[in-house]
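Here's a solo chain for you in structure tokens, the form predicted alone.
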Amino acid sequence: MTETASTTTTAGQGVGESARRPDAVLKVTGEFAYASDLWLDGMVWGVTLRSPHPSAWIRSIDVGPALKIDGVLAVLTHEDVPGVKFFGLDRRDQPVLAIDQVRYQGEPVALVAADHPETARRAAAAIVVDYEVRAAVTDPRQATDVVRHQPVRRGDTFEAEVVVTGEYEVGMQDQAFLGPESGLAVPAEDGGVDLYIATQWLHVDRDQLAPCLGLPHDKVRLTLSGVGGAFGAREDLSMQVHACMLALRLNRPVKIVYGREESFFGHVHRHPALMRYEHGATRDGRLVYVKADILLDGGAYCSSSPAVVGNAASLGVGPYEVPNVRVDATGVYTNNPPCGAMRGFGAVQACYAYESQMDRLAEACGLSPVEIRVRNAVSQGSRLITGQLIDAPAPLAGMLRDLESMPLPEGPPATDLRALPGGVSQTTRGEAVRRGVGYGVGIKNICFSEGFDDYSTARVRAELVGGEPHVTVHTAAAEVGQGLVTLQAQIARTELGIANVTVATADTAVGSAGSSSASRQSYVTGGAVRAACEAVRKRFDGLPAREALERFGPIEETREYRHRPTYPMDPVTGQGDSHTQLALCVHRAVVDVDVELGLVKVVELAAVQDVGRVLNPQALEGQIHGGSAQGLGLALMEEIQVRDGLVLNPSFTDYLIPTILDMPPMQTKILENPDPAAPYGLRGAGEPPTLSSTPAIAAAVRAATGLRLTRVPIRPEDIALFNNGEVSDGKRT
């Protein structure tokens, strides 16, 4: 059911090289085994019944009609949960199965196991649930239940010569991974359960599962299966408890695989945001103060909303020198779909707003978008608005100048229809196409913050296999497509000088590696693998690897790696050293806009990013391109449409994501200014491009159209209706 990710290459495939990914050919040829491909003789299928209402009391549940269907083996409700009935990442507030009420459309109500998935689906549909529908709270401005409020206070001067204000909105973005939630639960002879699962965080999954199943932790064993993307959505539990409950009830393996529509209801999304900003500056564009109110819709349950609020607050004015700050970030509960981790994690929403403000400030001060940012850019020795010292290189001003100096693409008109807005649908020959250029800057924290005990564990074993030195690396770090398996092998080759390296399948048999999120795994798991390799090398006693292993036999060492400590933000002032590391990325976007039809073609993206040290050039390039693509999606097309708590577009037909035709050519410049506190001097690289690409594209569309456009994603009607005289302010009505 599982495979080790083995690599056997030359010793030159170490840190700094574009080592070949062991899963690359398998994925390209379609042979890679994802979690949805899991199979075991005798297994049965599980299906979840979900609420059709965003808010309702449950008066009764009648499972009788489902049990009468041939092939149905079990139907479970909240009464069948063997242990604790609630789970959650930050707070255990989410029921395994709804008890007396439902708080969002799609909340799990009952489970069915059957000998065929279609039988299970028919049986789930046959369950009769008596709901008493009640009014749903769907406007976060009307919500009264607060997840977290985090202020940041600094200085006391809130008057300036130039003042610009703006209200901004970010829609609900989905992670849109291609591999749906899936897993296989197998009951064990010791009364426990083995779960093969696509996830981001094996040990926290286990720590939530075990109490719900009424089992000790050592009887709940998780093994990572092939993950088809994650981007934050697999941090929370989805079908894990459900599959295990059914497997333990039936004493048979149970597989659950979500379809695409169910996947939209089965995981958290990016928090929608409503934001109001006020920037004050001197006439020559030096920031005097920033006021910001950031309201994040957390949906029905807590998930990771408290940490998202903390990020939005601490990074809420961007990488700029601001002596006076009054920021209030608030997350609230509603009856909308639950929201949690997604690439960028609270910093994305704030970035769109503060960068839009910087463009308005530039216009008010008569400066270019680059110059206003250069004049206010942080650098090493600056302090964040939380008072935290930036004690590593932060060459933002130089990055902006580098970006500005990159050559621009040739201008319209284009003779190739594919290069025009609307593409081959032949909506234009270029007659109403206008070009715009925009810039965006983003700052993102790396690793977990605010005092979280953030560490990873690695076990490294060196031995002779067939007379040749061989290394096995074992961690619980989830490979979710970012190339972590490849990097672990690169580190082992570099540190031990041994070419043959196997990276064992991640599972809970080794200590925790934490989550594959927050751009942290290269830092903490890379640090743990390096430390374990150093311990193994020390035991070589100065001998070459082969000679040492012949003399001493197999050598195995396990090490934990922790980054430097962080501290919670002060609940009143927001001050404190809350972050481990900070990363910067800057983008320039060039767009062509058909101002009559409102269609946008992103012509080019250019990016400059400081990564500390490049560990794998090709993988790094992929991270920058991938993050930019998700930022493009948020800028122009990606949004879960929610009306009165109901999701209107739970499919890839109606939820649009960028394709190869939407993603433009990219210029990238990589800077290597090592962080002395990080392994190899590296700086997490996966998230920062997601921040700065969205405001850069939005700014470019504004430049092409002359519209304010204060909401993303920007829709065609936001542009076309204005230009047809149907709205007055360039906002959606």
Partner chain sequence: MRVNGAAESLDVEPWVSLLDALRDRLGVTGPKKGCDQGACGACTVLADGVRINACLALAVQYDGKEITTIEGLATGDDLHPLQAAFIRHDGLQCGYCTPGQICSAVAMLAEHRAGMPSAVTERSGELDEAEIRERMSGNLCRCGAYNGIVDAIKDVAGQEAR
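Positions refer to the first chain, counted from 1. In this text, the rigid core denotes the largest set of C-alpha atoms whose superposition between the two forms falls within 1.5 Å. All of these numbers come straight from a predicted model, not from anything done at the bench.
Below, we refer to the form predicted in complex with its partner chain, which is not included among the displayed structures.
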Please determine whether Phe32 contacts its partner chain in the predicted bound form, using a 4.5 Å cut-off between heavy atoms. yes
Its partner chain contact at Pro151 in the predicted bound form, heavy atom, 4.5 Å: no
Find out whether any non-hydrogen atom of Gln175 is located within 4.5 angstroms of its partner chain in the predicted bound form, and reply yes or no. yes
Closest heavy atom of Phe652 to its partner chain in the predicted bound form, within 4.5 Å or not? yes
Where does its partner chain sit in the predicted bound form: which of 46 to 54, 673 to 681, 24 to 32, 698 to 706, heavy atoms within 4.5 Å? 24 to 32
Listed residue (Gly179, Gly438, Gly106, Gly527) with a non-hydrogen atom within 4.5 angstroms of its partner chain in the predicted bound form: Gly179
Which one, Arg134, Lys538, Arg91, His625, lies within 4.5 Å of its partner chain in the predicted bound form by heavy atoms? His625
Only counting heavy atoms and a 4.5 Å limit, does any residue of 445 to 467 reach its partner chain in the predicted bound form, and if so which ones? none
With the core lined up, does the C-alpha of Thr653 move 2 Å or more between this form and the one not shown? no
Thr157 C-alpha relocation of at least 2 Å between this form and the one not shown, rigid core basis: no
Please determine whether the C-alpha atom of Ser405 is displaced by 2 Å or more between this form and the one not shown following superposition on the rigid core. no
